[in-house]
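Here's a solo chain for you in structure tokens, the form predicted alone.
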Amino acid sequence: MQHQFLQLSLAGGLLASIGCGVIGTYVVVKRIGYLAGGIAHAILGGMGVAYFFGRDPLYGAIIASIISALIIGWVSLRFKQQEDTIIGALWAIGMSIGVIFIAKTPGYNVDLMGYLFGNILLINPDQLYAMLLLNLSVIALTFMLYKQFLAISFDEEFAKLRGVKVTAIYLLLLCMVAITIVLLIQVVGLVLVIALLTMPAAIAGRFVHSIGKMMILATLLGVLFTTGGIAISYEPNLPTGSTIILLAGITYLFSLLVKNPLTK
């Protein structure tokens, strides 16, 4: 704990866990993991463009994530039959744009592996402040629209009958997913971000039957995985992001072997 970079890493893991616990619950319950994957990988395009023009890639990621969420949400609503193919194409286009812009950036070429696989040990105070603001935005919207999100997660038709603006709420939810993905990129990178977004919530969903409790348990599990991954990877000098996901994955597989207390 005497090392500042480890203190910042633990704080980053805590902030990321809050986001993945709250929004990951909706992703798991509504089963939109593939849409979240499309948003995550399209973000690289925004990061590449921002880096090319000398801007902070994090802000490029925020802009690209929201644009990607709106496009993918619109595709999901309008082209249900070809949804997988179109989202796969947007996924590939976004990553290709990012790679091209990063490759054409003059001067020192940024380490693409850092964006793809993340490095929580390199989080700086400015990034923590940005993560805190994003987290507060996500939590505030979740409290304000909790019932609406709950309604569209379980029964969109019933939500429409109750006067809920399903399309607008759905697109807003995807934008919140996008913002959370930007939070998690700092921890595990683009390639592994969906695993950290979904596995804590998936584990929590096996043991609790309330959305609120699921969010709390998923957040605690996220803290456990990020902190445990940092601790395990430190001495042997292992990739921290991959260690975090490996710990989460093993825990998820183990949870499948445990009898679900919610089933009779």
Partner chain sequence: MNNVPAILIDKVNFSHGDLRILEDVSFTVEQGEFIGIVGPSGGGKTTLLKLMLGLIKPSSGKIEVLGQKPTLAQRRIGYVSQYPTFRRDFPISVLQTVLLGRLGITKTFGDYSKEDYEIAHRSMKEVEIDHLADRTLENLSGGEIQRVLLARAISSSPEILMLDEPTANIDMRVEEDIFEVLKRLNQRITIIVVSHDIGFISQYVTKVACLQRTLICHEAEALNAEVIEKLYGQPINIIHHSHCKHGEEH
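This one's a predicted model, so the numbers in the text were calculated from it and none came from an experiment. Positions refer to the first chain, counted from 1.
Note that the form predicted in complex with the partner chain isn't included here; everything after this is about it.
*Asks:* Only one of 95-103, 141-149, 122-130, 74-82 gets a heavy atom within 4.5 Å of the partner chain in the predicted complex; which is it?
*Replies:* Single hit among the candidates: 141-149.
*Asks:* Please tell me which of 40, 199, 61, 214 lies within 4.5 Å of the partner chain in the predicted complex, judged by heavy atoms.
*Replies:* That would be 214.
*Asks:* Can you check whether residue 135 is within 4.5 Å of the partner chain in the predicted complex, heavy atom basis?
*Replies:* So residue 135 does not count as contacting the partner chain.
*Asks:* Can you work out whether residue 237 and the partner chain are in contact in the predicted complex, taking contact to mean some heavy atom pair no more than 4.5 Å apart?
*Replies:* Answer no; every heavy atom of residue 237 is more than 4.5 Å from the partner chain in the predicted complex.
*Asks:* Since only the chain is shown here, I'm wondering whether residue 220 would be in contact with the partner chain in the predicted complex (any heavy atom pair within 4.5 Å).
*Replies:* Contact check for residue 220: no, nothing within 4.5 Å of the partner chain in the predicted complex.
*Asks:* Using the partner position in the predicted complex, report whether residue 164 sits within 4.5 Å of the partner chain, counting heavy atoms only.
*Replies:* Yes - in the predicted complex, heavy atoms of residue 164 and the partner chain come within 4.5 Å of each other.
*Asks:* Can you tell me which residues in 27-41 come within 4.5 angstroms of the partner chain in the predicted complex, by heavy atoms?
*Replies:* Counting only heavy atoms within 4.5 Å of the partner chain in the predicted complex, the contacting residues of 27-41 are 29, 31.
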